[in-house]
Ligand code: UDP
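As a starting point, one isolated chain is supplied in structure tokens, in the form predicted on its own.
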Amino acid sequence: MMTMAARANPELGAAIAAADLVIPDGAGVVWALARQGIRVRRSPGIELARQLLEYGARHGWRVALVGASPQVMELLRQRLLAEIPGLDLAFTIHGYQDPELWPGLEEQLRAARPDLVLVALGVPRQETWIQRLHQGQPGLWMGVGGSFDVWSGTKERAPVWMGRLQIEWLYRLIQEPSRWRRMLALPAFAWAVLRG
């Protein structure tokens, strides 16, 4: 879905093109690349981000979490600190801030100089926000979509068998039927790939 959104939104496309690393999170991207003769393994962002948190805890990284609702952020803080020994949450803010507060919060984030920043503000906002704020800043910055909801326990990730069958999108649609319009990007993406 992000690929189709990037085709329709030049600002998102530019943010993705400027990223230091773009991982093949979805089965569709892996399939599309394979059709071009490029073999990659799917790397779900939720798993990579969790591994980065655990690695960061072992190596003394300062971590920032940005996004999600106030309730999710509070649950997320509690769970991550309980589940990952040594995790240094240097900065956390939910994503439902008043617009006039953002410049000051962004300045606080920069001043915290985190080693890892995980951002769950939704596509395309998280990508464009990261591109704007990461300029000249240290650390690894990563958009994590709905990962905070899963890690906080407010939503469940699709069962492993659905991941193996590459139908996690169906599980998400069942959990959130209001996403059906966004899911229309999946057949549009497949058609665009088949057309070349």
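Predicted model, so just to flag it, every value in this text is computed and none were measured. Numbering starts at 1 and runs along the sequence shown.
This next part talks about the form predicted in complex with ligand UDP, which is not shown.
Contact annotation for the candidate site: A68, A120 and G146 all lie close to ligand UDP in the predicted bound form (heavy atom within 4.5 Å). Residue contact with ligand UDP in the predicted bound form: G95 places a heavy atom within 4.5 Å of it. The closest heavy atom approach of R77 to ligand UDP in the predicted bound form falls outside 4.5 Å. Interface membership of R125, defined by any non-hydrogen atom within 4.5 Å of ligand UDP in the predicted bound form, is confirmed.
Residues within 4.5 angstroms of ligand UDP in the predicted bound form, judged by any non-hydrogen atom, belong to 138-146 and to none of the other stretches in 54-62, 138-146, 38-46, 25-33.
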